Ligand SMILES: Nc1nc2c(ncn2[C@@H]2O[C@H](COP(=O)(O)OP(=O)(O)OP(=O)(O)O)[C@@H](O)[C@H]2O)c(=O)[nH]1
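One chain comes next, on its own, written as structure tokens: the form predicted alone.
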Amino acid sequence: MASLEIGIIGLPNVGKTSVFNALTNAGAEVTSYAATSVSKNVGVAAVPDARLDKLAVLLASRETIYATVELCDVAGLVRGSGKGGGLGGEFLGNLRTMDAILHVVRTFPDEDVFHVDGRVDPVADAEAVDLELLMADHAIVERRIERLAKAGRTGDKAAIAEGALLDRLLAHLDGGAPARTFSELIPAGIDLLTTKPLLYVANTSESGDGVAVEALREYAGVIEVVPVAAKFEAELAELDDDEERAAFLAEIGQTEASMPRVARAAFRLLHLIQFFTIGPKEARAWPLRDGSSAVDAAGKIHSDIARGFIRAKVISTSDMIACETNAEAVRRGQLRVEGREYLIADGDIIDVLFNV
């Protein structure tokens, strides 16, 4: 089961599917679902972690299991999707179940790849899709206000108060601002797309498109932009030789493929960390919300382990690598015993003692 679900959106012909292929890699399972004249692709991609690789070798684990990300590549949005027009509106609905949205913006120049507006302008493209998301949210809030108005006419004070709040939210959206920047608490049950954590991916040529990417970063502001040479990396994903892939990446100035970079950005976006469980059978990474406790981590492994939690043995990855063996970690006092309220740090290795 994937730990994180991300919906990939963008205008037609910006290279969303190339980004999808680059991120899911050659061995990922991909399923296509027909929807009239368009489709969506779903793939589960492992998130490589060099720390886990080192631990697996050090402690002789037979299998390495990375955290995973599920990516859903939906049909290219067209203008009017936010108002429910065409199939785009249907696929906007699919995004509401996602943990985050990855917005692919084209920066690569290519006369052979048609652009819907006949030009490559990453800022204009980003604005166009962001506007569609705003309009989709606007329509949802308007419908909710209409229903509340009927209840308000009967004297329902809660409906009147919520309606007033949503009027302020509607004005916020009308001003071009996403719901995630609204200063008040949005009522439960209103699933707005612009509350979703957002990450931009600049789909670049092999040269990196520096000027275009910087323009997109200026537009994005505090939202992170991750450059991905998607066509190039999708082709690399088909190579079986890891050293050959690394050599080609080095030619464009990269030390690693896109998936780890995008995944780290997504984890930062969602305030996720990873902890590890290591044994002779497997070395496994587990995603966890930052600020979670040892018993929360135990629950990620299995609910029975959380219920029967007694204590956890904990050591950081860096300390484990320095010690090399559990015996040496104990000798140096690096392997600690922690209780249920201990806050897990990124890269902690834990071994939970429990009794069901």
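The first residue of the sequence shown is number 1, and the count goes up from there. In this text, all values refer to a predicted model and were calculated from it rather than measured experimentally.
Below, we turn to the form predicted in complex with this ligand, even though it does not appear here.
Visitor: Between L71, A230, A283, V201, only one gets a heavy atom within 4.5 angstroms of this ligand in the model of the complex; which residue is that?
Guide: Exactly one listed residue reaches within 4.5 Å, namely A230.
Visitor: Counting only non-hydrogen atoms, which stretch in 145-153, 241-249, 170-178, 202-210 is within 4.5 Å of this ligand in the model of the complex?
Guide: Going through the listed ranges, the match is 202-210.
Visitor: Taking this ligand as it sits in the model of the complex, is D117 in contact with it (heavy atom to heavy atom, 4.5 Å or less)?
Guide: Close contact is absent here: in the model of the complex, D117 is far from this ligand, nothing within 4.5 Å, heavy atoms only.
Visitor: Is F108 close to this ligand in the model of the complex, meaning a heavy atom pair under 4.5 Å apart or at it?
Guide: Yes, F108 lies within 4.5 Å of this ligand in the model of the complex.
Visitor: Might Q334 be said to contact this ligand in the model of the complex, defining contact as any heavy atom within 4.5 Å?
Guide: Outside the cut-off, so no.
Visitor: Evaluate L23 for contact with this ligand in the model of the complex, applying a 4.5 angstroms cut-off between non-hydrogen atoms, and reply yes or no.
Guide: Close contact is absent here: in the model of the complex, L23 is far from this ligand, nothing within 4.5 Å, heavy atoms only.
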